[in-house]
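Next up is one chain by itself, shown in structure tokens, the form predicted alone.
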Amino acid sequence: MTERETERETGREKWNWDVGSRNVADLGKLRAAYTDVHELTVSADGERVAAPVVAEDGSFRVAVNGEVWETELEKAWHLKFTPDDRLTALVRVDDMWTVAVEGELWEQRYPFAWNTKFSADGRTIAVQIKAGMEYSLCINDKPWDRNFLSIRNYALSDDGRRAAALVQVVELVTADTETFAEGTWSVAVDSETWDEKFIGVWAPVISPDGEHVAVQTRTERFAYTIALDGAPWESRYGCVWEPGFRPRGEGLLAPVRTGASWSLAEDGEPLWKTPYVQLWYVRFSPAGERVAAVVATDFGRWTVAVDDRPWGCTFGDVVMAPVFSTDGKRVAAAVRHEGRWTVAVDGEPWSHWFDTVWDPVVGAGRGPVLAKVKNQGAYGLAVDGRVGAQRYEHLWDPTFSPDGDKVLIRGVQSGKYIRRVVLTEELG
């Protein structure tokens, strides 16, 4: 189990797991009091629901369980709860953007800010910023001491000590193909850039211990590879997808294309032997000993492969990222075939199909597999493919209690946000 997963499990034990249902907030009253109520955000423990609200004069506030922050804002968006249950928002005041945490604004202000991320314990909050015509990161209200021509994306380590960003380090003018071929992008780790430059860089990841950084790179016009701490793998490929460290950090894996087929490589060497038409969305079991990925076994035929063994069933439209059970023994994925969605578990699709399905939630042992689903405009909770009697105007992903005996359900019914805890054995 990774440090981030351990933090979540520890926090989950402290939640209120008393069986019962409670109306947390009357959203109808909130909508009657304001001209607009934007997208709802719910805390992981289900105790709080928040949304940006707009007054008649066009000003914004942030409402939490029906009560609004005192601070009046020009704009408020991208509300997110930290892992330690603090509410954050990106807000604009005096035509400048910053981060608000539980209603308190950071001192730093910028022409724009976006893409909030957190450490596993929630104590570190990071955001991308635009400063003048350059870009950087701001972490816990302190900006990096260096700006860049551009930043595509960034990663924050689980412990919050390090950040790695994809940065443009060389200015490129129109039609300057020579400079383009020499590479204009690199990676900044805690604002210090790697010496190596690349034509392109994507998908930064930091190892679980925070010591290593890896990215997808394009080294030549038709050559791609993975770079680890600034050093590219020796092997070159026709294409690569997002790399990933095993949860214990002992290996770096990435999908790679050799010739016309795809496979999985670890530390620059072949790991899986089967050639696939496509391979991506690599996921690890909690202990890291098992690996699953979405693969195409033929053109337009999608499935999941676990440790290089594809499921026997395939789907014509799409297969989403695989999800391991908490004990690593089962794998499930949301799938779509001929325009309809369901969930497949260990290669067996549910018998019921839906308009939309979200990522499944898989507990340990042989317990039920849960998924948020939507049919004919109404949301429901599917349990092993069967939808219970409860219908919702909106629904968030369910959560198992640490022992798996109970399930937390967070949803909106009759205009009210409801927090419900039910026994797992009574679902259905």
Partner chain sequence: MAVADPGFDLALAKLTPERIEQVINSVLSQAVAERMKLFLKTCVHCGLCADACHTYLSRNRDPDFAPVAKVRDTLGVMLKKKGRVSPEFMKNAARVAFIECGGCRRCSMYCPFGIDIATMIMTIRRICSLLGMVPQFIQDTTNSHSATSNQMWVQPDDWIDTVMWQEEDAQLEVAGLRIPLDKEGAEVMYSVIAPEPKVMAQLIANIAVLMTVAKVDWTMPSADGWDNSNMAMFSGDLEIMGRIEREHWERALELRVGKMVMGECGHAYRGAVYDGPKWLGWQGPPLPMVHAVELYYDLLREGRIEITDKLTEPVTIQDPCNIVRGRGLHEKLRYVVHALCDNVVEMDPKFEHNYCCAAGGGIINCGAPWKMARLKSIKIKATQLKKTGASLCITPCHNCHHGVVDIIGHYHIDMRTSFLIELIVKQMKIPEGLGV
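Numbering follows the first chain given and starts at 1. Keep in mind it's a predicted model, so treat the numbers as computed, not measured.
The same protein also has a form predicted in complex with the partner chain, omitted here; what follows describes it.
Q: Counting only non-hydrogen atoms and a 4.5 angstroms cut-off, does Val357 reach the partner chain in the predicted complex?
A: Looking in the predicted complex, residue contacts with the partner chain include Val357, since a heavy atom lies within 4.5 Å.
Q: Determine whether any heavy atom of Thr177 comes within 4.5 Å of a heavy atom of the partner chain in the predicted complex, and answer yes or no.
A: Although the partner chain is absent here, Thr177 would touch it in the predicted complex, with heavy atoms inside 4.5 Å.
Q: Just checking whether Gly103 would be counted as a contact of the partner chain in the predicted complex - the rule being heavy atoms within 4.5 angstroms.
A: No.
Q: Heavy atom to heavy atom, is Tyr34 within 4.5 Å of the partner chain in the predicted complex?
A: The answer is no: Tyr34 has no heavy atom within 4.5 Å of the partner chain.
Q: Just one stretch in 285 to 293, 304 to 312, 151 to 159, 244 to 252 has heavy atoms within 4.5 Å of the partner chain in the predicted complex, so which one is it?
A: Comparing against the partner chain in the predicted complex, the contact stretch is 151 to 159.
Q: Of the options Gly230, Pro349, Pro270, Gly316, which one has a non-hydrogen atom that comes within 4.5 Å of the partner chain in the predicted complex?
A: Checked against the cut-off, the match is Gly316.
Q: Just to be sure I understand the contacts: of Ala334, Val345, Leu73, Leu79, which is the one whose heavy atoms reach within 4.5 angstroms of the partner chain in the predicted complex?
A: After the contact test, the surviving option is Ala334.
Q: Would Trp353, Tyr392 and Gln413 all count as contacting the partner chain in the predicted complex, using a 4.5 Å heavy atom cut-off?
A: Negative, none of the three is within 4.5 Å.
Q: Check each residue of 94 to 110 against the partner chain in the predicted complex and list those with a heavy atom within 4.5 Å, in sequence order.
A: If the 4.5 Å heavy-atom criterion is applied to the partner chain in the predicted complex, 94 to 110 yields only Trp97.
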